[in-house]
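Single chain ahead, by itself, as structure tokens, in the form predicted on its own.
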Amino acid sequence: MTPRSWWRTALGVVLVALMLFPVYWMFNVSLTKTGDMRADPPHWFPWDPTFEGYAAAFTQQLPALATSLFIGLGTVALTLVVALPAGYSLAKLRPLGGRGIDFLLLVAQMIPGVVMAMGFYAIYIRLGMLNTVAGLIVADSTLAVPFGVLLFRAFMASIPAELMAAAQIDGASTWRTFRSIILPLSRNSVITVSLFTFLWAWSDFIFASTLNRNSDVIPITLGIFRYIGNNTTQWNSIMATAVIASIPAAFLLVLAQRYIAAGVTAGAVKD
């Protein structure tokens, strides 16, 4: 290893350690006893760990975790149902005004979430969808659908037209071609969109705090927010809840990382 590469490696390790330190401290505090929270100097390692925080988190926050899981899966399903056919249409069927639709999708991704939340609030009051899980699923999907459509369009545009022509010669309809040819080839991009959609819905706080504030069925982000307000002295329980809420995201990222790399670069290079 050359001196130059050694310094790069050392710098990378330091930067990664700095970025991951809050995660470590969250885990450390989750195992710290309440009486040791204000110790001076602080306990840098959980020498005498306690799991009372995790017991309290599972007891009090399990319904919120289940709600977030349901919202995340529902958002993924709705996003795929809308984005997959839309991406296929823009990539292969070339509808009138396709370029304008691409531009609108890009603009939609630039709208701040808080602005969209205010718009949804005004609409949901009239529709009676405030404080509902279905309302959160619809709202969260609006962040993921433009991203999904653009990614699917980029990937499907790279699929050789000869495959579709061969299917049409065999008598396959447009829908059958999409279902039997395009979808199996789009596995990596589907996994990528599904993962990012789930993570966005799982970590959403703006829509949850705006559209679901007075509901008894709340996602985990709002559950942690309320938990902090009610338990400012039980930081081990608060941090334990945060650790538990982080596990699904970390697990999914590790499990699907190779599909993400392939899906994000899909369509970047054309033959």
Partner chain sequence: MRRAAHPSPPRRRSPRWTAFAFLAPLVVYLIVFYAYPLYRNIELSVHDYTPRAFVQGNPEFTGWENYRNILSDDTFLRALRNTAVFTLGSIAVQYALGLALAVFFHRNFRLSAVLRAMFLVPWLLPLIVSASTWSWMLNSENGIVNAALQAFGIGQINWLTSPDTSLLSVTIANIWLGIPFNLVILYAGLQNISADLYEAAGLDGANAWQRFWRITFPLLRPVSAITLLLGLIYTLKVVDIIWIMTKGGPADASATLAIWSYREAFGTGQPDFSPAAAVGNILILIAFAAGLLHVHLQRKEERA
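Think of the rigid core as the biggest set of C-alphas that the two forms share within 1.5 Å after superposition. This structure is a prediction, so every number in the text was calculated from the model and none was measured. Numbering follows the first chain given and starts at 1.
Although it is not shown, the form predicted together with its partner chain is what the next lines describe.
Residue 141 belongs to the set of residues with a heavy atom inside 4.5 Å of its partner chain in the predicted complex. Its partner chain in the predicted complex is approached by residue 196, whose closest heavy atom lies within 4.5 angstroms of it. Among residues of the shown chain, residue 31 is not one whose heavy atoms approach its partner chain to within 4.5 Å in the predicted complex. Heavy atoms of residue 109 reach within 4.5 Å of its partner chain in the predicted complex, making it an interface residue. Contact annotation: of the candidates 188, 131, 174, 158, the single residue with a non-hydrogen atom within 4.5 angstroms of its partner chain in the predicted complex is 174. Shown here without its partner chain, the chain has 110, 111, 112, 113, 114, 115, 116, 117, 118, 119, 120, 121, 122, 123, 125, 126 in 110 to 137 lying with a heavy atom within 4.5 Å of that partner in the predicted complex. Residue 12 is among the residues whose C-alpha shifts by 2 Å or more between this form and the one not shown once the rigid core is aligned.
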